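Let's start with one chain on its own, the form predicted alone, as structure tokens.
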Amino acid sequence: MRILLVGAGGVGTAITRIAARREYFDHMVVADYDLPRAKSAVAAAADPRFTAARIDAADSAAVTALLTEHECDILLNATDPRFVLPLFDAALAAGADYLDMAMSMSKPHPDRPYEEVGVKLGDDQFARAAEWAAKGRLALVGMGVEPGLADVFARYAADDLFDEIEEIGIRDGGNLTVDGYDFAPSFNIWTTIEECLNPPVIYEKDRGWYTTEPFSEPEVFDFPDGIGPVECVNVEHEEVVLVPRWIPAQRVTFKYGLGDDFIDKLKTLHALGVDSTEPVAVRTDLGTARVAPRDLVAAVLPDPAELGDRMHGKTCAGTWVKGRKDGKPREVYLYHVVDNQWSMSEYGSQAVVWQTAVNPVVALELLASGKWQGAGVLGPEAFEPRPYLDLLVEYGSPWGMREQ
């Protein structure tokens, strides 16, 4: 397998460090708009199978040419959601497969954003599923940790743990702290703003998909491995649009443990209008520049990938499932916990980016071995879950299950 990795930020660099320990691929081209950053990610891998390249992820033709030049079998997208569609298109044009960790962006309903869906996450990709299938190519979408591993958990629960499913709820929380900062998000702030301030989507079998207010329906969820109770709220996320496509559940939700202080800061960014992605004119000593306010916010905040030495605690991603087995009620929480101290000492990557990065590397190995096969635009739920969960353990990162 020959891989083009686009994006050499925190997650991309963690991908190179994880993949370097595996033998299933022949070569990985690490491409980024910032060539020194791509070279740094390659240096972190310390493996001759990796090479660096410069690429503009928005330039589909250039990405297609790069895929063709290096005879890549698959494009792994480790950029933010703005670049999903040009990379998705480039892979198909080159006759390559495609894998991402976040799907094409949503657009709120123009008149009733907090009641009805507009364009859902991934709609633009699923609209082209027939074209991908006709060409015999696979686009595996939403294959990070959430979405990704959480969806694998949902499929495993449906296949092995339940006869009927009442609700599937993704629950994400942790007890991470960062020394020296009042506000230091542990993941890409551009993406965090997008998913937290958009209308959250909920699925109900009798109603379909609908939306609600950001940060709605707070609940306290008790996370395992010493993390403890964390208040979680509704947030827009891909699992809610992926899970119902393959798994018969009565209800699907996603709730994130953000904390009051984090929510207040996001609300302030929104109130000031600096969450906007529309460029505005800014006067500088070199003349007028057009800058998207959200990009400015990202520029002034610390790089999440560089926070690992200041970070303490654990992060947990998991899937809570409620239903019936053998005629009896059952609730389980399937989860994956990463301790920042472990990920830093073992890989030099902070816990949140490492947890995101390990999952596409595992998926690529299953595709390379033929244990996962498919064509079209497919989510993680479309594949057998057990080979994935077993391989994740082999990577030294076990998952757990708690009866509720």
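Treat the numbers as computed from the prediction; the structure is a model and nothing was measured. For every residue, the number given is its place in the sequence shown, counted from 1.
Keep in mind that the form predicted in complex with another copy of the chain is not shown, yet the notes after this line are about it.
Using a 4.5 Å cutoff between non-hydrogen atoms, D182 counts as a contact of another copy of the chain in the predicted bound form. Looking at T277, you'd find every heavy atom of it more than 4.5 angstroms from another copy of the chain in the predicted bound form. Although the partner is absent from this view, K328 stays clear of another copy of the chain in the predicted bound form, with no non-hydrogen atom inside 4.5 angstroms. Interface membership of V297, defined by any non-hydrogen atom within 4.5 Å of another copy of the chain in the predicted bound form, is confirmed.
For the options A127, V220, V291, A134, the residue carrying a heavy atom within 4.5 angstroms of another copy of the chain in the predicted bound form is V291. Among the residues Y203, Y256, Y333, F83, the one placing a heavy atom within 4.5 Å of another copy of the chain in the predicted bound form is F83. Residues within 4.5 angstroms of another copy of the chain in the predicted bound form, judged by any non-hydrogen atom, belong to 260-268 and to none of the other stretches in 260-268, 97-105, 135-143, 320-328.
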